[in-house]
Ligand SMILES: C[S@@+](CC[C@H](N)C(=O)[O-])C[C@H]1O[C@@H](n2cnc3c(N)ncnc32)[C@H](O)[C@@H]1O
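Only one chain comes next, encoded as structure tokens, the form predicted on its own.
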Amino acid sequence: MYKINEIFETIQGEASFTGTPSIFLRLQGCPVGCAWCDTKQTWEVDDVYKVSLDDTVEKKADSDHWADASAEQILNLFADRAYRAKHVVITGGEPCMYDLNPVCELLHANGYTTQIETSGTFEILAPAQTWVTVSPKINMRGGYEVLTSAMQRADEIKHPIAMQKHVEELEALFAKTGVSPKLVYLQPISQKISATKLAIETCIEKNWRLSVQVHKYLGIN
């Protein structure tokens, strides 16, 4: 069973799949503790807030409410809601707290592609064809280390930055893990002007790529 915070259909606004119609499957639970996290409602799993699966669909506002669901129930809900997108983004929270093989394999067997957005602090249990976006959470208050295995598995790195030290931390992580990713995206935190300027300059200098959270500029989920 997976603990679901919300399910909705939208456009992916970040990194390589920017602009792709997507179904977002947001899982509940995350102990990492990112200071700038914009989904803090997913951190705790409190039985007080357990609801039915239907109550997690197309939420009107962020909330701590969550529901249990099997892979089959998730697939059936997609059909019941007549979602047209065929790309599923599994995010959180921290989705890699769960074994994602069952849900990803079922989705693949039914014509969907899958993508995971993870902090890289848990082992990634997912099929080889699942696209893995690691947004490495370095020196966060939860005390979890970014795993070398997660960095090696990543199809792309998406790193939020606000200041130069965030760039330096990422380079130090590459050196520590011995990983030289082909795709590195820098994402300005909170769309701040100074962070965006730094991200652009660094991307040009290092031949990395820019991710600007298009959905936030468009005012959609």
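Every value quoted in this text rests on a predicted model; they were computed, and no experiment measured them. Residues carry their position along the shown sequence, with the first being 1.
Unshown form predicted in complex with this ligand; subsequent notes refer to it.
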- Which of these stretches, 103-111, 129-137, 68-76, 145-153, has heavy atoms within 4.5 Å of this ligand in the predicted complex? 129-137
- Query: Looking at D55, E169, D38, D64, which is the one with a non-hydrogen atom within 4.5 Å of this ligand in the predicted complex?
  - Reply: D38
- Note on the structure: From V184, I189, L173, V45: within 4.5 Å of this ligand in the predicted complex by heavy atoms is I189
- Just to confirm, T202 within 4.5 Å of this ligand in the predicted complex by heavy atoms? no
- Residues in 72-95 that come within 4.5 Å of this ligand in the predicted complex by at least one heavy atom, in order, are T91, G92, G93, E94, P95
